[in-house]
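The data below hold one chain only, encoded as structure tokens and taken in the form predicted alone.
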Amino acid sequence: MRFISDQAGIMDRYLREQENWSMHLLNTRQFILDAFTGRNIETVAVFGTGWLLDLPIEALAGKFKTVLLVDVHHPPQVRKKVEPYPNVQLFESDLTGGGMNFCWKLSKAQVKSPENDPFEEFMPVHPELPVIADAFISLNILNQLDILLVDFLKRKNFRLNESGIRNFRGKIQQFHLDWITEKPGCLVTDIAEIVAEPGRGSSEKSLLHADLPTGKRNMEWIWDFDLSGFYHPDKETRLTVRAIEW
């Protein structure tokens, strides 16, 4: 379903755009470092840890009794990087709430759904974590939860209508937000994509399909995501990023 190849693509893009990404990564790490000040948090679970580019893992390991890093796949380099921290645990899980298995079966016609909305039967559920967390951190993953699944179904030429896609994306994003806001937490997510073509102006589209929580601490910035013209050929792509702590 290309979750792992997408993860590898993130590292390739980082190596091309390292200088352009520096402010985004700095902002993200600092926002996380400033989270949970004065709060009694011993165990924190981080969702969407990827390559740990935007996560201050050394500081978190020194700040909390247990740090659980959760993603669909942990590259060998990440496993090696966390070895010095005995209180850091790695856990691989489907953070879409079962969307990966559902869409796989849907692509194989193993799920019977009403013709007008093939996603109606999908009911996301929390994956079981190996520890009970006192707080959650959602790290640049919110809109990735739905977009990779929809792209997979499109590659399989599965019949999709725009209304069904919007409902499915909203259901997954809302599930994630409902889950992480059950406890103290913080969220960093891209909320809009800005695509500029030299000499022809720019366009912007929202990446949100659910309402973000109201936070006690908020921050927003622009991420120079791809200025080399690889993500959208011959165009510059920037993302509006919002960070929230509640």
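Residue numbers here begin at 1 and follow the sequence given. A quick note: this is a predicted structure, and the numbers were derived from the prediction, not measured.
What comes next is about the form predicted in complex with a small molecule, which is not displayed.
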Task: Close approach of residue 246 to the small molecule in the predicted complex, 4.5 Å, heavy atom - done: no
Task: Close approach of residue 95 to the small molecule in the predicted complex, 4.5 Å, heavy atom - done: yes
TODO: Using the partner position in the predicted complex, report whether residue 221 sits within 4.5 Å of the small molecule, counting heavy atoms only.
DONE: no
- [ ] Please check if residue 240 has a heavy atom lying within 4.5 Å of any heavy atom of the small molecule in the predicted complex.
- [x] no
- [ ] Using a 4.5 Å heavy atom cut-off, indicate which stretch of 81-89, 138-146, 151-159, 101-109 touches the small molecule in the predicted complex.
- [x] 138-146
- [ ] Consider the chain as shown here, without its partner, and state which of 41, 53, 208, 196 has a heavy atom within 4.5 Å of the small molecule in the predicted complex.
- [x] 53
